Ligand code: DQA
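Next comes just one chain, in structure tokens: the form predicted on its own.
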Amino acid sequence: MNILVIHGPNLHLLGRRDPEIYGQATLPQLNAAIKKHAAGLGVKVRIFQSNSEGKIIDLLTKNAPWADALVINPAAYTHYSYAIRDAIEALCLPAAEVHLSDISKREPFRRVSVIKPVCLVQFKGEGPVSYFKALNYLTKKL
């Protein structure tokens, strides 16, 4: 099984940005943990991070033929990117939305996800474990 993992804007700042919310791990550390977990499941992953909405859509489109499923942390795009939402829907990849923090317990604007309706499931508030749960779910679901 091949799973595409996409991190959205500002996740390259992990470890420096609000560690009390997002944790101490850096993006390279998070990616290493995702790869290790995926390997334990017998899953291949391709991991990307972008601060650009258009680049995320390009990554989705380019990698969709390779991927069996998608794990996406759209970060701030969660709340307003109908373009990313439409790309996920159009590509028909089984998808899991993930968040390191619990967006349902944060500022009111962060509680809305326009991405969630085109995903099978959303995992939030468990730091890197949110990604692991998404990988587990997709592996069992497909």
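One rule holds for the numbers: they count along the sequence shown, beginning at 1. Because the structure is a prediction, the values reported are computed rather than measured.
Here the subject shifts to the form predicted together with this ligand, a form of this protein not shown in this document.
Stretch 97 to 105 is the contacting one of 97 to 105, 62 to 70, 34 to 42, 48 to 56, since its residues have non-hydrogen atoms within 4.5 Å of this ligand in the predicted complex. In the predicted complex, none of the heavy atoms of Lys116 sits within 4.5 Å of a heavy atom of this ligand. By the criterion of a heavy atom within 4.5 Å, Ala76 is counted among the residues contacting this ligand in the predicted complex. Mapping the unseen interface onto this chain, Phe132 falls outside it, with no heavy atom inside 4.5 Å of this ligand in the predicted complex.
Using a 4.5 Å cutoff between non-hydrogen atoms, Pro9 counts as a contact of this ligand in the predicted complex.
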